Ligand SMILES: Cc1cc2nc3c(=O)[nH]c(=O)nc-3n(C[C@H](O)[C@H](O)[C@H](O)COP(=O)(O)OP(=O)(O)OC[C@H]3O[C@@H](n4cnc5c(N)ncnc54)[C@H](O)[C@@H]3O)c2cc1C
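One chain follows as structure tokens, the form predicted on its own.
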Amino acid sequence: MYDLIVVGGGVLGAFHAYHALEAGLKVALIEKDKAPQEATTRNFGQVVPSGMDSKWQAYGRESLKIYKEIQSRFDISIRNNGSVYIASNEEEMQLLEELRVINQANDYSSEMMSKEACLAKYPGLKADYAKGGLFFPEEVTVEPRVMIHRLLEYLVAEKNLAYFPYKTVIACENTGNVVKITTSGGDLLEAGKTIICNGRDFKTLYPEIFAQSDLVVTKLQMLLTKPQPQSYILPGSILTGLSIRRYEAFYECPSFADIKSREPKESPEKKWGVHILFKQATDGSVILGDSHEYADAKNIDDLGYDLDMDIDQFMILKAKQIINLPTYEIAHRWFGIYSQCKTKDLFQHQVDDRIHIVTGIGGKGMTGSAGFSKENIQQLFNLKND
């Protein structure tokens, strides 16, 4: 008998389990695959509260504290190497200045960087692109295909998480006193509460609720270069002008609406939802991305199973206009799928007093899940905020 069973071992589910364990609860986590392999492992691998609106920036800043605390005790691949937004023109510089003022009001550390400082710090950054930057020293990067596995390893080894991988949940029933969970392998687990944090399990267990939700799915394409020479070091996350024109944090800038209104209505960037990011992995390779294509969750198959090479080539072309990497030879290409809500920050639904669905966190997952999950566990179990 558990206090909580979490269904879904991605970043949102894992951090719900983490905070419940921290509160002294007995927790089990069920993962449908041998190990998590969907959105949490297929994203860019950056924790950037700077890109979020004020509400979610607070969750992201709490997440930074949580990541760093865990990293101090167990290596989950966190690197505190900061994030920078590089402006390509005066409009984008204006938005960076306005965001810096907002950050000051929110007591969130950021530093304006001159063009010369950007060129000195980020090797290969092109002088005809960069006009200046805004640097966030507290932000971190993670290795997306490593972090979640090490986090789960830590929770099992150090926090006594009961972890059940390779188990598909086929039934979730509130009997009045407990929630009974049945898996396809015949396992029967019981808990006081259950949180379903995986979209696929949500769709299987509660198809009618799923069909009525306003969930949409996003397909993102990303690329990984072959390792750069050992002498080439590109620190932190590098976000560029298209990110400045896309991320929610900038919506709060006074000039944002006017600047957006003057953008071309038709362009490959808008058609494919492209904004260019760079992040160097620990082996020296550089992740490039990304694109965004959308469909209602019930029509996920419309996004297809293939990579669109036109999108990849466009992203490489745009990236080469920004940073001159020693090599742009591509070693790997992939796409990730994540869900989000059309009208809300994320999807939350209470099936009854014991069964809760929390999913659709979208692109906020790696940055916001740790902080949001802490608050959600406190509310669900009526715990005091520390």
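Nothing here was measured: the structure is a model prediction, and the numbers come from that model. Position 1 is the first residue in the sequence shown; the rest follow in order.
Beyond the structure shown, there is the form predicted together with this ligand, which is absent from this document and is the topic of what follows.
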query	finding
Contact at Gly124, Pro268 and Val286 by this ligand in the model of the complex, all three, heavy atom at most 4.5 Å	no
The unique member of Leu99, Ala297, Leu220, Ile311 whose heavy atoms fall within 4.5 Å of this ligand in the model of the complex	Leu220
Option touching this ligand, based on a heavy atom within 4.5 Å in the model of the complex, out of Ala331, Ile337, Val351, Cys341	Ile337
Thr40 within 4.5 Å of this ligand in the model of the complex, heavy atoms	yes
Touches this ligand in the model of the complex: Thr194 (any heavy atom, 4.5 Å)	no
Any non-hydrogen atom of Glu62 within 4.5 angstroms of this ligand in the model of the complex	no
is_contact(Trp56, this ligand) in the model of the complex, heavy atom dist at most 4.5 Å	no
Candidate stretches 109 to 117, 199 to 207, 300 to 308, 226 to 234, one within 4.5 Å of this ligand in the model of the complex by heavy atom	199 to 207
Within 4.5 Å of this ligand in the model of the complex: residues from 168 to 197 (heavy atom criterion)	Thr168, Val169, Cys197
Closer or farther: C-alpha pair Phe202/Asp306 in the model of the complex, relative to this form, given a change of 3 Å or more	closer
Cα separation of Gly362 and Arg200 in the model of the complex versus here, shift of 3 Å or more	closer
